[in-house]
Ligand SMILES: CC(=O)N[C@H]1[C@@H](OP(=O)(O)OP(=O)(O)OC[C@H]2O[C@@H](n3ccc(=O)[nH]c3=O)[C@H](O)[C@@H]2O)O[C@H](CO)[C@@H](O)[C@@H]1O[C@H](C)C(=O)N[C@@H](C)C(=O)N[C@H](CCC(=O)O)C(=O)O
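Here we start with a single chain on its own, the form predicted alone, put down as structure tokens.
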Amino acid sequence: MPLLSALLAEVKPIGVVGSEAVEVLGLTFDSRQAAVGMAFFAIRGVQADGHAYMAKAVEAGTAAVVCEQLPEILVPEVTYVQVRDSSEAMGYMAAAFYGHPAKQLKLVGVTGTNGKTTCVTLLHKLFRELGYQVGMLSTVQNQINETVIPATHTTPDAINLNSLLAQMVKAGCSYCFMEVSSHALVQHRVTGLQFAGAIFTNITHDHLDYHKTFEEYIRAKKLFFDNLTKNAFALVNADDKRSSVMLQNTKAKTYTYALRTFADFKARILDNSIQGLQLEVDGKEVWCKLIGTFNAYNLLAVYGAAHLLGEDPDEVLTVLSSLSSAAGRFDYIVSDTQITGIIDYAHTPDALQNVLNTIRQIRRPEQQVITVVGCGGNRDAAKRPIMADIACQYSDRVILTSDNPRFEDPQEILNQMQAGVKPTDLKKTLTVVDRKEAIKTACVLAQNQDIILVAGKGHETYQDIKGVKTDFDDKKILAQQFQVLGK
């Protein structure tokens, strides 16, 4: 086991009280998991301040405490490391504790408001098909080759993240593709990691409950590119007007991809239908199973990244044509009466508009579009009326319902959504608090060959109400209702 002094190699402590020559047996920022010989990190979180639990961690036998403020009473047997930012120190120390696993992999991160999960999933599938041992860290699930490890966050905390990367190294992985959220960047979850490449998909209105302003949100994403080394690549979506901001201070080699503007990697949509996309990529035609303009961007980002990682472009396109998307991303089922039920994770205004615009592009004139949508509780409230307005603009019928209300009153969330419904759209809009009933109502309203979109939860298999997660799967419920109603 490493000595504390080795773990502090990249940390610049304000001061150290006690010996650095102590062996560290493990790391934790949760005092309930503290044990003999571990290092405890006092993290100032949104819900609680770890400094209040230092004494409890010491009682459990921790060998070291890393904190921003020293406790009044210092226990002689414990080493106290005072730092400017405990989260930052934890990032560096976690990487060192697990032997810097990111340096032993080609680690590629994907950031942006929408498209992260699809890009990471496609990259994992692509490189597996190309014959590599590959790891993946995503919102839906983490994977080491084909072994699935449940995911609790878009980006795990620094300790779990480095532990997973170390497991990937042990399993012989050459690559890891991971989502990098704005929260993870601000909270130093990826501090201490060496990335071979970074991809920027897009940036739109999201997470303002946490970042407060859109400018702060942009700055959080930009941090990822600011910290890349000169040996890494930075691949950005040139069709997003903020892509140039991401590259302003990066040391990495910069590349672009686009459908509309000049770029290093260019594509054009030849056909877009419920069967898939026909694309021209860098002058070569390819058919892909994924649907919609937003997926054309995702496919192009993946193609560009694979090219930058040294793969043969023709072979990459051949494999991409056989791949399906991530769970809950424009996932669809068709009933016996040819009603198409689409399940999508779209939970931001831009994502919802993209999905509905795609449906508009592939629908026939006689097909009615019925959208079931809600907004999560204890999250950015400003987007609620916007989401309802977008649903109304692109749909023939709209059913506003609960998403994950968490600790908010579901009816109050719906009231805020209803504020975005224009008077001319009131007749086509229903409000059904119970999400299962809302999906059932959509199925009742649907006629043969209509299209139902159930948006917001995608791959999730639970509903979070007052801190209790109960089983809930949009796709299963939709399929059940088709069967029960004889649709």
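The numbering used is simple: start at 1 and walk along the sequence shown. Keep in mind it's a predicted model, so treat the numbers as computed, not measured.
The following text describes the form predicted in complex with the named molecule, which does not appear among the structures shown.
**Q** Can you check whether the pocket is open or blocked when the named molecule is overlaid onto this chain using its placement in the predicted complex? Blocked = 3+ ligand atoms within 2.4 Å of backbone or C-beta.
**A** Placed partner shows the pocket blocked.
**Q** Based on heavy atom distances of 4.5 Å or less, which listed stretch (96-104, 167-175, 269-277, 151-159) is in contact with the named molecule in the predicted complex?
**A** Heavy atoms within 4.5 Å of the named molecule in the predicted complex occur in 151-159.
**Q** Please run the contact check for V36 against the named molecule in the predicted complex: heavy atoms, 4.5 angstroms, yes or no?
**A** Answer no; every heavy atom of V36 is more than 4.5 Å from the named molecule in the predicted complex.
**Q** Taking 4.5 angstroms as the cut-off for heavy atoms, does H183 touch the named molecule in the predicted complex?
**A** Yes.
**Q** Just checking whether P423 would be counted as a contact of the named molecule in the predicted complex - the rule being heavy atoms within 4.5 angstroms.
**A** P423: no, not in contact with the named molecule in the predicted complex.
**Q** Check A419 for me: does it contact the named molecule in the predicted complex (non-hydrogen atoms, 4.5 angstroms)?
**A** No, A419 sits far enough from the named molecule in the predicted complex that none of its heavy atoms falls within 4.5 Å.
**Q** Have a look at T79, T371, T401, Q187 for me and say which one sits with a heavy atom within 4.5 Å of the named molecule in the predicted complex.
**A** Residue within 4.5 Å of the partner: Q187.
**Q** If you look in the predicted complex, which residues in 49-72 sit within 4.5 Å of the named molecule (heavy atoms)?
**A** Going through 49-72 in order - heavy atoms within 4.5 Å of the named molecule in the predicted complex - the hits are D49, G50, Y53.
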